[in-house]
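One chain follows as structure tokens, the form predicted alone.
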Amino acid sequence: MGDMIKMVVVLTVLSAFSGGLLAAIRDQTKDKIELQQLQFVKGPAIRAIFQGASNDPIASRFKIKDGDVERNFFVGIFDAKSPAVAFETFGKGYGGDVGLMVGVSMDDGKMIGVGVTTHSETPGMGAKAKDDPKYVNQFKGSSTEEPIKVTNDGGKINAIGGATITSRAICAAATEASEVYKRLKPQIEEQMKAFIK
């Protein structure tokens, strides 16, 4: 019985030490991991949306609390002072969540571009959403005042052949982005004052 208690105590101490060590490593690497994700996962979509911006949109960012979620907003400045923001939303695709970075013009509330950031869709079919510029270019000029849908559902977006579920997921993410933008617009405008000279 005494040996059993010793083993339990040793296991408890080792588990607590290991858990504490892992938590400390996570805390120390959190910022580096976030920067890597910004540069290599979300960065390509952000740069494509803000192509021609006079600032670095990855460096020009702020966060806003949206209920339980803290959202990152990336700022792009065009033509002297014409601002835009981009942020990420998600839609439910065939293989899981599809991450979509959506850029919105602060001048007129229209989408200036979208880019798929993450997905688990079928290679060669749903995965085309990330690589096909003709597909994502359909979202340019879409209003944040209307739901975005594929043509099969009465909308304007042509679905990717053989990947209607992925196309619907991206439209759902774009529609969610519209809702987020409308809901948080006063806070976004307040934060944008720091970036507009």
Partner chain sequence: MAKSVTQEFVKGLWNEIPPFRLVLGLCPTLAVTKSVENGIGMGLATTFVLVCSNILVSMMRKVIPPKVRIAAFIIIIATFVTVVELVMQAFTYPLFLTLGIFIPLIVVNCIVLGRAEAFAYKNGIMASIADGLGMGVGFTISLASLGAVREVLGSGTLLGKPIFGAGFEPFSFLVEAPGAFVALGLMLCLMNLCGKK
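The shown structure was predicted, so the numbers you read here are calculated from the model rather than taken from an experiment. Residue numbers count along the first chain shown, from 1.
The same protein has a further form, the form predicted in complex with the partner chain, not shown here; the description that follows concerns it.
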| property | result |
| --- | --- |
| Contact of K65 with the partner chain in the model of the complex (heavy atom, 4.5 Å) | no |
| Proximity of R26 to the partner chain in the model of the complex, heavy atoms at 4.5 Å | yes |
| 4.5 Å heavy atom contact, K6 to the partner chain in the model of the complex | yes |
| 4.5 angstroms heavy atom contact with the partner chain in the model of the complex for T151 | no |
| Contact stretch among 158-166, 40-48, 137-145, 55-63 - heavy atom within 4.5 Å of the partner chain in the model of the complex | 40-48 |
| Candidate site A172, K185 and M192: all three near the partner chain in the model of the complex by heavy atom within 4.5 Å | no |
| Sequence-ordered list of residues in 11-28 near the partner chain in the model of the complex, where near means a heavy atom within 4.5 Å | L11, L14, S15, S18, L21, L22, I25, R26 |
